[in-house]
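Presented below, as structure tokens, is a lone chain in the form predicted alone.
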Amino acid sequence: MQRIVVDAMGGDLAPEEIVKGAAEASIALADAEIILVGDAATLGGILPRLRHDGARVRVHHASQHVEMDEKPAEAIAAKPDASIVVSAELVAAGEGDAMVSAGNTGASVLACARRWKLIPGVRRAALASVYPTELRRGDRNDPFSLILDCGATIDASAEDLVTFAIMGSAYAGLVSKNRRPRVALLSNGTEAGKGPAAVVAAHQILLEATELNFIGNVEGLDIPRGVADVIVCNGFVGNVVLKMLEGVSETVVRLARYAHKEKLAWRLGLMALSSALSQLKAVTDWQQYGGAPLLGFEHLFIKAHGRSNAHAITNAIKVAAKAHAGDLCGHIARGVADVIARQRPGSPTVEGTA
């Protein structure tokens, strides 16, 4: 039975919605145990009120928790018994198989980095995130593509970018059931020689030393089109891209509200489109996807959105269970080892590229 450790105190709607999501997951997943980490008295007062499988949900006490607006390093240092720290320790000790949290992202990544080992051959971890695109992919007709890194590794070398590509492809293949995900490097041009030195070197390695479905470089305008199923970049660029996409989405919503107020013709047009807009919202709802995986460690962490409700937490737990059952970390380890073995003498190496 899989053991999914859930930080019950992390997130804007914690602990109520987190516990509710875990309770729902305990019924939906037949082969998983949910370990809720947080204040035992608080969680013990919530859980009995919810429909759940009592044989597959248990509470592990943690007396502290990290607030969403706290500085990660300071919070981790000041709160050694914080729920996110205890969660990471349980997994590191072999008492859990994967971890889920909607809490402070920086503190979550730091807790994992300090207690988990990287997969052999992986130098730095990557936080991946999904975004909606025009095209769909995989057996599930998935409208989401994956971008990584989104902030865990700000300045990535060619070595890091290659391992990000391997990790992203493995995750997309398993979770989206996309047998041959298209992988691309994000650059300022589609030509092989375009971009910073790290991107150019990574391009060469991905072409020569991997069996990935590498389609080369893509530009920013290709992102929403869905030209690639996995887009690889450093954490600085990835974080900027995601914030921009989120800002565009919010702007479109505000413009629609403005249009609705200003003219009757616009209101009628929006009413006519209401069914299509509702369908679009359902298709691209991030809560359906679960969360963003932190990839590169020997254990799996799914970072749920800070505003996650119970439904989103349930889906995050399902994704964690599915990834663990599919041996995602093992796939990544084998992929990285294969690239290292394929390196030709004199070519840029995954272990040595700067």
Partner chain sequence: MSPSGPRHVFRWDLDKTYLRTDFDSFGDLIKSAIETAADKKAYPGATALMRALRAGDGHRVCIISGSPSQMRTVLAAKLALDGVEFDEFVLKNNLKNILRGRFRALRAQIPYKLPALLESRAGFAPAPGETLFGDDAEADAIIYCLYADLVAGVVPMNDLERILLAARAYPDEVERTMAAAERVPRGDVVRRVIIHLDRRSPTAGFRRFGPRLVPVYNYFQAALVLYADGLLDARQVLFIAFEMIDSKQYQLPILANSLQDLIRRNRLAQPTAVKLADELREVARTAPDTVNRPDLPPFEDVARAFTDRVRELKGAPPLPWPETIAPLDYVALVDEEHESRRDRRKRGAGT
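Treat the numbers as computed from the prediction; the structure is a model and nothing was measured. Numbering follows the first chain given and starts at 1.
FYI, the form predicted in complex with its partner chain isn't displayed, but the following is about it.
*Asks:* Even though the partner isn't displayed, in the predicted complex is Asp69 close enough to its partner chain, meaning a heavy atom within 4.5 Å?
*Replies:* Heavy-atom contact with its partner chain at 4.5 Å: absent for Asp69.
*Asks:* Would you check, heavy atoms only and a 4.5 Å threshold, whether Gly306 touches its partner chain in the predicted complex?
*Replies:* No, Gly306 stays farther than 4.5 Å from its partner chain in the predicted complex.
*Asks:* Indicate whether its partner chain has at least one heavy atom within 4.5 Å of a heavy atom of Val57 in the predicted complex.
*Replies:* Result yes; Val57 sits at the interface with its partner chain in the predicted complex.
*Asks:* At 4.5 Å between heavy atoms, is His52 in contact with its partner chain in the predicted complex?
*Replies:* Yes, His52 is a contact residue.
*Asks:* Would you point out which of 292-300, 322-330, 27-35, 307-315 contains residues with a non-hydrogen atom within 4.5 Å of its partner chain in the predicted complex?
*Replies:* Stretch 27-35 is the one.
*Asks:* Pick from Glu191, Glu208, Asp222, Asp81: which has a non-hydrogen atom within 4.5 Å of its partner chain in the predicted complex?
*Replies:* If I apply the 4.5 Å criterion carefully, the residue I get is Asp81.
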